[in-house]
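Shown below, as structure tokens, is a lone chain in the form predicted alone; questions about how it binds or moves come after it.
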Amino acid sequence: MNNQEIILDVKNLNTSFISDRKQVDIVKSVSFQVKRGTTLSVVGESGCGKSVTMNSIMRFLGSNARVSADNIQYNALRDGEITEYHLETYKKSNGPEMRALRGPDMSMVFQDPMSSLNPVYKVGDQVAEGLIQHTGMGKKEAREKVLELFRKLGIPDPESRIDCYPHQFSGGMKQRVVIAIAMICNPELIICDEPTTALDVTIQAQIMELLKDLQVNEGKSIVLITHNMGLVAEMADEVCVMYMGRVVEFGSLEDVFDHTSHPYTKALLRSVPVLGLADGQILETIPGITPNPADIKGGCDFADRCPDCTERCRQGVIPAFEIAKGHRVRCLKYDSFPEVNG
């Protein structure tokens, strides 16, 4: 696969936090690729490291974070040619290199629009700020660009709404403004961190339809962080399943949904609510609780909750195995297949 087909290539990403002079590993040896013009869904229960992984790539973490990787490579496609950026060399979050990449090349839609927007600035000014900062565009021209984007994103009466404050918008409209902030500099890669949290089902569908349109009709690459397997089935081209900071299964949507292989992925899919449950039929849950990251001693992190666990599963670091082209599983049941970095 050549670089023109890959927009983001992450190899062996590790993130730890220093707390009370103790280092706690949160993201461990994570590797994945995002293909240009596709959607990668990163799924897993709360606390599995999804958001920390993406914030590590974007350099949004605090001073107590320790981030390392063999390489994090962003491939910008300009005039048909690839320009490589190795984000692992851009250590400082506020350095000029990362500031130049964030906005024009890669951007992020955060989980909570309520806390993403500044309550004392007009929404139009907040969207235009990135355009003015990155391009030097004048305020009048930037305002026209914001109005154009508001129309595209379905914000009604944009000529008057552009001068409103966040509290004058509904939750769905706030999320459209947050997407506008991410989109205003026309980036190739958009990372969406649970963009429909706290929105009602109808608004969720509108937001996801909007993101799908950006991917299909404008060729945007999207990383969708979610724990909603229904959204994954609707949006994803490829799926990255995480548990306790590790990628436990990675593959195409068909690989992960139709040829589910890791016990955790199977448990996730079994616990999804479905219409038509028979009377008395109980919704399945995953037994046990997620362990404290500080208490992990070695072996498979899912061992205590896994029905297929053996003594071997509790020893050493469990590698990933490629059970089909592009389909990786971190489980010793597949140790007859070749090991891969993942």
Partner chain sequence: MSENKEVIFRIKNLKTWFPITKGAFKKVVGNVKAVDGVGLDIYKGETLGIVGESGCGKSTFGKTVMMLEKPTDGQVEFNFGGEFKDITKFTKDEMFEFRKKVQMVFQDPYSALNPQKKIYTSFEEPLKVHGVKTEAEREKIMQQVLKMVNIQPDYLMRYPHEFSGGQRQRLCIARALEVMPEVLICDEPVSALDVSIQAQVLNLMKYIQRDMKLTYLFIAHDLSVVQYMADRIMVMYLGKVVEVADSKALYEKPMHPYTKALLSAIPVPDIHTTKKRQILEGEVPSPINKPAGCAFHNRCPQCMEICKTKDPDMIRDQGGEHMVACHLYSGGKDQ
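Residue numbers count along the first chain shown, from 1. Only a predicted model underlies this, so the values are computations on that prediction, with no experimental measurement involved.
What comes next is about the form predicted in complex with its partner chain, which does not appear here.
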In the predicted complex, Asn228 touching its partner chain (heavy atom, 4.5 Å): yes
Distance check, Val201 to its partner chain in the predicted complex, heavy atom within 4.5 Å: yes
Exercise: Lys28 in contact with its partner chain in the predicted complex, heavy atom 4.5 Å: no
Exercise: Ile296 in contact with its partner chain in the predicted complex, heavy atom 4.5 Å: no
Proximity to its partner chain in the predicted complex (heavy atom, within 4.5 Å), stretch among 75-83, 98-106, 206-214, 184-192: 206-214
All of Glu5, His134 and Gly326 within 4.5 Å of its partner chain in the predicted complex, heavy atom check: no
Heavy atom within 4.5 Å of its partner chain in the predicted complex - residue from Pro158, Pro166, Gly172, Gly124: Gly172
Members of 282-313 lying within 4.5 angstroms of its partner chain, judged by heavy atom, in the predicted complex: Ile282, Leu283, Glu284, Thr285, Ile286, Pro287, Gly288, Ile289, Arg305
